[in-house]
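Just one chain is shown here, as structure tokens, and it is the form predicted on its own.
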């Protein structure tokens, strides 16, 4: 039975990891490479010229102040070609992209092992995990591992200001553990005392607060940072949903065999 558990977890994790890697290559990596142009100084982001007026001047027919030379509103990645720049992320860089795909498969295989272990633990408590519940399990994993930590520490691009990495790692681990435990108590708790404890566990990391730098500075445009965070979380949700569906399907088949 242990062999079947491991096989189910690894197959589901590898499939989800591959899907996540492909989505990242198409949607997330172009934004990442675009940000690296700002980090390396090849592109520069400036604030609007001080004379630029969006208020009464426009209503009175006055001309807007022209942007300063080199003014850049952090155009989306798709607009780079129109500006005469090569769009980043086009093509396949075998060493970099190959390692990214491999890393994604390894990471989601690990998530698959944790998810299947949770299946076994829930069945030991008398709850049968069906394939139809896989989506909920996957979404719960996404909330615990990605969405809850992102509430305090959003996915970061190169060139963004950040607090000490050890402090951030400690807060991230605490958030994942407390979020996973809180969701478990929400799902399997049987009284209000347990559910109240679950809410405390879910809220505690955010009450404590994630570590942030004293000053928010850096060359990366905030528009790119927002686009990167949104795409990274979207890809994470899709991958976790696939992982939950695949893992529960393979788990139920292995258990019935």
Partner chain sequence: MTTATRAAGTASVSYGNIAIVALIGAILIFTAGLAQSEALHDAAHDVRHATGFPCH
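Positions refer to the first chain, counted from 1. All values reported here derive from a predicted model rather than from experimental measurement.
What follows is about the form predicted in complex with the partner chain, which we do not show.
Across the proposed site, 8, 181 and 246 without exception lack any heavy atom within 4.5 Å of the partner chain in the predicted complex.
Exactly one listed residue, out of 139, 131, 114, 187, brings a non-hydrogen atom to within 4.5 Å of the partner chain in the predicted complex: 114.
At the 4.5 Å threshold, heavy atoms of residue 165 reach the partner chain in the predicted complex. In the predicted complex, at least one heavy atom of residue 103 sits within 4.5 Å of a heavy atom of the partner chain. Within 4.5 Å of any heavy atom of the partner chain in the predicted complex lies no heavy atom of residue 35.
Residue 210 falls outside the set of residues with a heavy atom inside 4.5 Å of the partner chain in the predicted complex. For the partner-free chain shown, 166, 168, 169, 172, 173 of 166-184 come within 4.5 angstroms of the partner chain in the predicted complex, judged by any non-hydrogen atom.
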